[in-house]
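First, one chain by itself in structure tokens, the form predicted alone.
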């Protein structure tokens, strides 16, 4: 792998499936990634089904285009989605930087009525809530009660990938994410009281389980659609 291709791959690591909250690289959604000698990066994405939601699909292709285009040394990014009912609209719209609405203007697939910023924020809110369960679960398993959990701030916690991930989701949403921020917060960023902890944790766990169940289902569909040679 050349150094520039490695940089492009790291950029793709930052691109998330908005519903599953996982990088497209970990989900095996990158069908191919090449970089020519003159710096043209060509990336092909693939999804578990032909009919994955066009809005989610568009976000991934557009985010991948932005991430790859920003890599120093890349002179041009060509990011496309394969084998999808709206590939033509999505690929053409992303290449033209037309936005979601502009990409589907006059399309036989149906026209889009709004851009996707609020949809993205909605999924980040779900991910931020699910992250609270991931980070708090070891404390609960170790016997931490509602009073302790309500008083725990992020600076009290040991470094971990899950903690970094939750901080990032919160920062995008404008929620408290510094060391003095509560571990458990409501959607408006206010701290969860000890009396609210049990119900809040149940909601957070339900959100996490839902995201992970969707991820497992999509993974099985992808393996059926694109079986690994020899398996």
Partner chain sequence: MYEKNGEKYFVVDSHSHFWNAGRENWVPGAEHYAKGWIDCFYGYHQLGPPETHWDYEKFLRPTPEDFERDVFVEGHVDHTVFQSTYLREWYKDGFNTAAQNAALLEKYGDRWIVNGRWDARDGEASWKEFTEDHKRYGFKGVKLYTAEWNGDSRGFKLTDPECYRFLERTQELGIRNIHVHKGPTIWPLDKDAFDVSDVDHAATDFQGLNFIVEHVGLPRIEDFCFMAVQEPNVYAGLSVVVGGLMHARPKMFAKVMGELLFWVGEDKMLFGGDYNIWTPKWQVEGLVDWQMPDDEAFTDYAKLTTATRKKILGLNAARLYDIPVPAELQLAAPEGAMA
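Predicted model, so just to flag it, every value in this text is computed and none were measured. Numbering follows the first chain given and starts at 1.
Form predicted together with its partner chain: not shown, discussed below.
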_Non-hydrogen atom within 4.5 angstroms of its partner chain in the predicted complex for each of 53, 111 and 223_ = yes
Q.
Residue-level question: is residue 124 within 4.5 Å of its partner chain in the predicted complex, judged on heavy atoms?
A. no
**Asked** Does its partner chain get within 4.5 angstroms of any non-hydrogen atom of residue 76 in the predicted complex?
**Response** no
* To do: Spell out, yes or no, whether the shortest heavy atom distance between residue 23 and its partner chain in the predicted complex is within 4.5 Å.
  => no
| If you check in the predicted complex, is residue 199 within 4.5 Å of its partner chain, heavy atoms only? | yes
Of the candidate stretches 116 to 124, 68 to 76, 91 to 99, 152 to 160, the one with residues having heavy atoms within 4.5 Å of its partner chain in the predicted complex is 116 to 124
Of 40, 172, 181, 206, the only residue with a heavy atom within 4.5 Å of its partner chain in the predicted complex is 206
